[in-house]
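The chain below stands alone and is given as structure tokens, in the form predicted on its own.
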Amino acid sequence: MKIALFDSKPYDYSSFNAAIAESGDEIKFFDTKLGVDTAGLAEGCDAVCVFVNDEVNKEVIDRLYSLGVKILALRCAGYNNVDLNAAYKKIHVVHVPAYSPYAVAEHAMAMLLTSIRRIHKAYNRTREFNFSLNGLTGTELHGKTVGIVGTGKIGRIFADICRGFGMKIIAYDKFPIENAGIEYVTIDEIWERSDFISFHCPLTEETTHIFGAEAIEKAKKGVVIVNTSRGALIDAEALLKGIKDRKIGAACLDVYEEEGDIFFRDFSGHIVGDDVIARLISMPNVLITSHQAFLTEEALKNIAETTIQNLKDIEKEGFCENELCYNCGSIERCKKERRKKCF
């Protein structure tokens, strides 16, 4: 197969080249994101591989289809940037549902610990030989309540990590998992009871801005927010106001709702035009990483290998267990149970 891989980074080259080493497949790496203006680069390719910030709307899908592209492979779990309705009966869409849930869950806890124990501030301070402890008083996790929004694989692993710290765990999920050992509550109870809230759910119309002004009003004063899922789960402007009003105690963000034009790029010598993220970064109780939670050697290997296997399954078998299709009404929970083609 000939594969066009968009929004490529140096770490993609090694992992994907290793995944196709003996397959005879060919990958064209493009640094640019996929969009209306760049879709033509996929001419002559059988498949297109995209990441979280590539634009795959109806116009892009129609363009790819006209070029003969048969498969769209997401090298991530989320698919909110793809118009699955427009892709139906044109291009098969596959994703990587669980490249390394441990990587994301561990990063979420790493951010939380860094924030509440002021590790990032202590690191910067001691590099200047300032060994004062003033302003570094932290908060313990033991005995505190963590609210987990979304209990897929990542959410459940994060719950296990929290359990190891002796935390009380409550969770909200539209599809609660039986016998998971988790206390499921309403979303309002998450806001009202949690000392810490961590988001691990997909971005849909229903979950967009699920944590906005109304939720912040209901939340405990001093609540700490962790988001390693999708940026638009949180209304960034409402979050900023909540921080300024001293309602939000701290925020740990690996994602941002307008990250598409910012993350994965070096702006250290430039002025960032997004005032909201600039103000968030300036806050002493906000910790931001640039969509880094997935980035481990193990995850990169799994992403590449699963993506290539997805493509081979569609090419050779005509169907793939990781295919996404809106036609069944539940996208990932396919009624055909992945035993035959979606179309």
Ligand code: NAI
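A residue's number is simply how far along the shown sequence it sits, counting from 1. Note that the structure is a prediction, hence the values are computed from the model and not measured.
Although not depicted, the form predicted in complex with this ligand is the subject of the following passage.
Although the partner is absent here, Lys174 sits close enough that one of its heavy atoms falls within 4.5 Å of this ligand in the model of the complex. Interface residue remark: Glu206 is counted as part of the site for this ligand in the model of the complex, having a heavy atom within 4.5 Å. For the chain shown alone, Gly147 is not a contact residue for this ligand in the model of the complex, no non-hydrogen atom being within 4.5 angstroms. Residue contact check for Val93: none of its heavy atoms lie within 4.5 Å of this ligand in the model of the complex. The candidate site formed by Val104, Lys153 and Arg230 is fully in contact with this ligand in the model of the complex, as each residue has a non-hydrogen atom within 4.5 angstroms of it. Between the options Ala251, Ile190, Ala77, Ile116, the residue in contact with this ligand in the model of the complex by a heavy atom within 4.5 angstroms is Ala77.
Proximity to this ligand in the model of the complex, defined as a heavy atom within 4.5 Å, holds among Tyr256, Phe211, Tyr99, Phe196 only for Tyr99. The stretch among 85 to 93, 212 to 220, 116 to 124, 174 to 182 whose residues place heavy atoms within 4.5 Å of this ligand in the model of the complex is 174 to 182. Contacts between stretch 281 to 301 and this ligand, counted in the model of the complex as any heavy atom lying within 4.5 Å, involve His291, Ala293, Phe294, listed in sequence order.
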